[in-house]
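Take a look at this single chain in structure tokens; it is the form predicted alone.
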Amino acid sequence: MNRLRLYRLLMGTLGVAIGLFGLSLVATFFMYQRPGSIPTIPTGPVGHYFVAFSGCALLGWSGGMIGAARDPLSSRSIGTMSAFVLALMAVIRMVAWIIGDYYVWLGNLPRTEASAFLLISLALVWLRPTVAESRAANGA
């Protein structure tokens, strides 16, 4: 399997996964709005409001990643920005793990997540189409 095919597979898979997670966050907001519902996320109404907005943002990011999977040579910046965001998410997880306040609730999960996010970020950078590939595809 060549690099471009792996990149498309990675972007498409991440796009679908992030989209499903975004949909679940939006659904969580609406499920919380039912009368007598029990919160599935340990926050109040304001927290669920921000969860819904996070879900909407993830749906937008998902659409960009799926688009980049379809035409990776004209969407190189989406892969680059996704790699940056995943690395930033890893830093946030590492800080949460170092501080220790989240250990009671999450245990060692932030450390595992940080490792996974850094590996995915590295794969996105490593497999990203080069400028030469983009120019060759556009006939320049």
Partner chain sequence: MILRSLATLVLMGLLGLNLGLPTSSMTYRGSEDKIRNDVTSELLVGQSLPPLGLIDFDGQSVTREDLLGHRVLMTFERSVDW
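Numbering follows the first chain given and starts at 1. No experiment lies behind these values; they were computed from the predicted model shown.
Beyond the structure shown, there is the form predicted in complex with the partner chain, which is absent from this document and is the topic of what follows.
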| query | finding |
| --- | --- |
| Residue 61: touches the partner chain in the model of the complex, heavy atom cutoff 4.5 angstroms | no |
| Residue contact check: residue 71 to the partner chain in the model of the complex, 4.5 Å heavy atom | no |
| Interface membership of residue 29, the partner chain in the model of the complex, 4.5 Å heavy atom rule | no |
| The partner chain contact at residue 87 in the model of the complex, heavy atom, 4.5 Å | yes |
| Partner contacts for 43-66, taking the partner chain in the model of the complex and a 4.5 Å heavy atom cut-off | 43, 44, 45, 46, 47 |
